[in-house]
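Only one chain comes next, encoded as C-alpha cells, the form predicted alone.
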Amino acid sequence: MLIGALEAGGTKMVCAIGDEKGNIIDRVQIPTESPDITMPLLIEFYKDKGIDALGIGCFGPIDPDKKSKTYGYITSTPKLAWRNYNIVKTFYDALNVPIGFGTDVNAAALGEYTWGALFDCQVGLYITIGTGIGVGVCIDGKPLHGLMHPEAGHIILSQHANDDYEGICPYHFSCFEGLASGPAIEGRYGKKAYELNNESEVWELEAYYIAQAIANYILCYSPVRIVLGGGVMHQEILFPLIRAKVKEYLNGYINSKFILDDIDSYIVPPALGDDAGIKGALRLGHLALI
C-alpha cells in the first residue's frame, strides 16, 4: 500500500510517499507560507500518486479530538495565517482518503516507537528543541490525547539566577520554549545556536533548562526512555550536560537503575535522526487506514 505523509512545520512542509513499513519512496520540501499559497502545492504533490491514506503530523496547537466541532483544525498557533484553519477537511475534500492527524512531535514519538529508540517502550517521550519546543508522549504505541494533546514545551521553569532574559514565548515568557528554544538562544545572545558552538556557558545554561524540564517529565509521565531531537540538540555537548543535571535534580528520588546507573541509555538521540517526524506521519496514515 502507498501512504502519504506530511510533517507540517512552522518553516517548511515535508511531504513524502511511503509504505506501512516506514520506507520512504518520494519526498519534497515546500516552504510554509499562508494556507492559500501552501495548501495547493501540498495537494498537488499527493494527487494522482495513488495513496491509500494520509498521515499528518502538524505544528500546533491542534484539535485532535474526533468528537469536537473543531477536529482537524490548527487552533491557537502563533502563525496567524493558519489560526483556526481546518487542515484535515481541506485534504479530505481534495484527496478523499482516510487521514490520520496529530501533532508533529507526537508523530515523531510514534515514529520512534514504531521503528526507533522508543521501540516497545510502554511510555516513551520525544522532546524536540528547535524553532519551538514540543513533547510527544506515546503510551502503548498510541499518542497521548486528553483534553487536547500535551503542550509540555510550555511548562513554567525556574529561571537561572544569572539569566535576566525575559523569554521569547508571547504567551508565557519564561516557559521552557520561552527560555530554551532556538529563537530564545538567538534572542539572548544575538547569534544563532550553531554560531555559538564553542561558548560553554551557553550550553551550560541550555542544559540547566532542558534538564529541569526533563526531571519534571520523569516525575509526571514516568517514561521508560526519553528521546531528545530538534536542531538545538545537534550540539552534542548537551547530552552529557543534560544527563548529569537530571541526576542532580532528581537527587536519588527515582530509585531506578536506568537513571542512577545507565542514564546514557535512558536519555538518547533519535534513532531515526531527522526522519522521526515524517516516518511517524506514515504510521499515522497507516493507523487511519486500518
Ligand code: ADP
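The numbering used is simple: start at 1 and walk along the sequence shown. As the structure is a prediction and not an experimental result, all values here were calculated from the model.
Just so you know, the form predicted together with adenosine-5'-diphosphate (ADP) exists too; it's not on screen, but the next bit is about it.
**Student:** Look at the stretches 249-257, 229-237, 62-70, 45-53 and give the one with heavy atoms within 4.5 Å of adenosine-5'-diphosphate (ADP) in the model of the complex.
**Tutor:** Of the options given, it is 229-237.
**Student:** Is there a heavy atom of T77 no more than 4.5 Å from a heavy atom of adenosine-5'-diphosphate (ADP) in the model of the complex?
**Tutor:** Because no heavy atom of T77 falls inside 4.5 Å of adenosine-5'-diphosphate (ADP) in the model of the complex, the answer is no.
**Student:** May I ask you to state whether Y194 is within 4.5 Å of adenosine-5'-diphosphate (ADP) in the model of the complex, using heavy atom distances?
**Tutor:** Flag for Y194 set to yes.
**Student:** Would you please decide whether G132 lies within 4.5 angstroms of adenosine-5'-diphosphate (ADP) in the model of the complex, comparing each non-hydrogen atom pair?
**Tutor:** Answer yes; at least one heavy atom of G132 falls within 4.5 Å of adenosine-5'-diphosphate (ADP) in the model of the complex.
**Student:** Under a 4.5 Å heavy atom criterion, is P98 part of the interface with adenosine-5'-diphosphate (ADP) in the model of the complex?
**Tutor:** Judged by the heavy-atom cut-off of 4.5 Å, P98 is well away from adenosine-5'-diphosphate (ADP) in the model of the complex.
**Student:** Among the candidate residues E186, E201, E166, D93, which is the single one with a non-hydrogen atom no more than 4.5 Å from adenosine-5'-diphosphate (ADP) in the model of the complex?
**Tutor:** Checking each option against adenosine-5'-diphosphate (ADP) in the model of the complex, the one that comes within 4.5 Å is E186.
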